[in-house]
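The form predicted alone is given below as one chain in structure tokens.
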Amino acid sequence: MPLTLPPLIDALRQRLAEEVSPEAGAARTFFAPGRVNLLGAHQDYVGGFVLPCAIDRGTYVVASAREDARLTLRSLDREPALELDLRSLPGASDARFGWGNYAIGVLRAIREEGIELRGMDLVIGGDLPIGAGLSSSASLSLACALAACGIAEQEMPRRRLAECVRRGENEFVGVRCGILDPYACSLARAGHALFIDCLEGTIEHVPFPTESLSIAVCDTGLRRSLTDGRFNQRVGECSSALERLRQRWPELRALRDVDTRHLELGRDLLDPVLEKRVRHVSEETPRCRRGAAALRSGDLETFGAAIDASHESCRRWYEISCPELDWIADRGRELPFVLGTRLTGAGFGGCTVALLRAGSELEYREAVEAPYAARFQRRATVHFFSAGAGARELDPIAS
């Protein structure tokens, strides 16, 4: 990984034919993209606003039906392979299932929503950097859920499917994420960003100027697990802060309703750490609204400035950045063709996302990769993406 397409799909189908069944000609192929979040850092679980877009890379699942009730899960590049009975899926995640926990969790969720699961063989591969903050876990879960619905010949509305992905991560895997990743991966349109009100559940497809902007994602090479505790710690801190502020303002629906007035008058309710977390949310909420408005009107300079400010808030108030992410963000501010740079994903490593003037891709790579390696003795890899479409079954001929 990565492999180019269609060789990647050919490799998945070959693996299915070799290891599962020599009659895998009836295989079907499903795709779920990764995503980058342009604005709205850690806002989905506080009921805030986010502005992600899907990217043109993700997870591919080649699936074929079985005559029994067994499920086999295989990956081109990750272990272990799993074989389970769909009539008695595990009730809790287990380290021995590895990456398969995400698939099991979402399959349990869609079954609870009324999908009658059918026996199936799944082979999984992709061209996303794993654990880099590009939503590889939601991409994997969603691709498996689409495949399961397709093999069962049953449909589920995309929002319900996205909620099943979230429930699988929340309730089975144990990651307290919100709706950002599954909504972005499921509901996106090509050439658009997706403006999501995470409290009301409303969405707006905002045109993204692909002809004039390029999306650059720089992978720092630093990896962390969503289950390592720090992500869930931030979720818990926000929950605690809201509970304390509600002692004085019980009408607060979510932390996103907290503004600077609440913060100043309620400072005595918060310890220094919680005050920092609330300050980030209180600044990021209107910043995401302003950024979406700027993107709608084509004010790209204002949009880029909001992206820069979001990173600074993540660094200063939410404390989810690191020297590597900060260096890349600072480097972007030195380059005249970069509109804005911020960390994307949970933070603590992973990736940054930058908006570039179209045509400056090679110059950006040269300005970041080699100096980063000299500074940190670690390789950084810059990828360039388009604003892609959401999850779907691929046409066998077109793929």
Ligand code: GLA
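Residues carry their position along the shown sequence, with the first being 1. Here the structure is a predicted model, which means the values were calculated and not measured.
Here the subject shifts to the form predicted together with the ligand, a form of this protein not shown in this document.
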field: Among 330-338, 367-375, 343-351, 60-68, the region lying within 4.5 Å of the ligand in the predicted complex by heavy atom distance
entry: 343-351
task: Would you kindly say which of Leu356, Ala27, Val36, Ala41 lies with a heavy atom within 4.5 Å of the ligand in the predicted complex?
output: Ala41
- line: Checked Gly266, Gly119, Gly98, Gly178 for heavy atoms within 4.5 Å of the ligand in the predicted complex; positive is Gly178
- request: Using the partner position in the predicted complex, report whether Phe231 sits within 4.5 Å of the ligand, counting heavy atoms only.
  value: yes
